[in-house]
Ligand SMILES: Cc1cc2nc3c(=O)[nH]c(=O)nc-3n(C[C@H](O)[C@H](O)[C@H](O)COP(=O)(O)OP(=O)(O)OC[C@H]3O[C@@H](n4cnc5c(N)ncnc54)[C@H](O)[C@@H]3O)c2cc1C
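Before any questions on how it binds or moves, here is one chain, the form predicted alone, in structure tokens.
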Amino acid sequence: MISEHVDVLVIGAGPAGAVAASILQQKGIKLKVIEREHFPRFVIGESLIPRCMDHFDEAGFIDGVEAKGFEKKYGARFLRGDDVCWFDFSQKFSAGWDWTWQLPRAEFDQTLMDILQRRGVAISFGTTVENIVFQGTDSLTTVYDEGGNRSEIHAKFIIDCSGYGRVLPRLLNLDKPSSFQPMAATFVHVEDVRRPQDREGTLITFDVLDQKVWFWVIPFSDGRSSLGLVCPVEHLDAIDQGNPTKTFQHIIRQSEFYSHRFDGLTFLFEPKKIVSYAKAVEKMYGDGFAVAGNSAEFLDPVFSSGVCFATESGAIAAKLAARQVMGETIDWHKAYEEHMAWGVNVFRSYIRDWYSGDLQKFFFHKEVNEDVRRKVCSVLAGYVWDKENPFVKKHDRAVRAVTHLLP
């Protein structure tokens, strides 16, 4: 059996794994990335938020991604009937990036891997983890390729960025139930042939159809758009038309704003569905490993926080792992788990307040204080670790305190 030795093994080649691998290489760490799929491959999570850009900048990805011409995202629009709410990232409270991208993840993730491979990072696609055995902080990972050939990877540390593959949570029994109500999402891509040729045609939009039911539209620079519905599981069951295509055609017709633009268009693939997508773990680290990105926690797509948590956790885990394999003692609880839990809990509060209706009341109120809007905008931009922002520091009660005063 082929056997190799590395300092750090990164499992998964999505944004969390890409950022982690780049930072590890910058620090001179011997690493290997393994990925079960072959790229490009479809994955959801197509709307980024500005905090991601700090991580892409640190990883040296900005120029390479910019060259691909992906659609730039300068804010987010929320609709509810005739009500319109627009958040402009340049008007946020916190310092940081004012824009990001909205993009097809197949091409984006491939771009990040291409950059890493040109830099000489070892990446094995079509490689599946069979088992991992830890001895202290050292580990022995057994993997196999599509031909059934097995090999072993000895590592001093593992960063699990396997997303919904959830390699370490599955092998180490780390999963725990999410605190959120079971929700469902169904989504598809279309050739957006009726797209307006002005700014309207580029806007990412959340169209609120009911308090817990919303429709997304994410235009890409290549003429395609991503469409999706998020709702309670029982709502999706209730509108099921007998097959995914008919169900999604029905969904499009529920959006007064977008039905004329998308009704009758051919779907580029059969609509996909994810049910009970929220995930959580008992802990995010242990002797010799850290769990990052969707492998650790996924909340809800409403504020596009998924990739932000992936890149934040990938970047921090990489920097801490590099220090540990070089002999430093790391307080993983304080430096990693507490930090990530804070950001997750900020977004958890805002997602809770969204589905309760409190945040929607704030968004669509005509006379909301502009200073308050700037502070909420910072949260939507992903700057959820800026405790100078009272709407971050007091995230568990700030929105409800404001909306309580609204008529």
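Position 1 is the first residue in the sequence shown; the rest follow in order. Note that this is a predicted model, so its numbers are computed, not measured.
There is also a form predicted in complex with the named molecule; it is not shown, and the following applies to it.
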- Note on the structure: Among 39, 61, 362, 70, just one has a heavy atom within 4.5 Å of the named molecule in the predicted bound form, namely 39
- Query: Heavy atom within 4.5 Å of the named molecule in the predicted bound form: which of 399, 13, 384, 9?
  - Reply: 13
- Can any non-hydrogen atom of residue 158 be found within 4.5 angstroms of the named molecule in the predicted bound form? no
- Message: in the predicted bound form, does residue 187 come within 4.5 Å of the named molecule, counting heavy atoms only?
- Response: yes
- 4.5 Å heavy atom contact, residue 164 to the named molecule in the predicted bound form: yes
- Item | Close approach of residue 44 to the named molecule in the predicted bound form, 4.5 Å, heavy atom | yes
- Query: Counting only non-hydrogen atoms, which stretch in 306 to 314, 254 to 262, 147 to 155, 191 to 199 is within 4.5 Å of the named molecule in the predicted bound form?
  - Reply: 306 to 314
- Message: With the named molecule taken in the predicted bound form, which residues across 115 to 134 come within 4.5 angstroms through any non-hydrogen atom?
- Response: 127, 128, 129
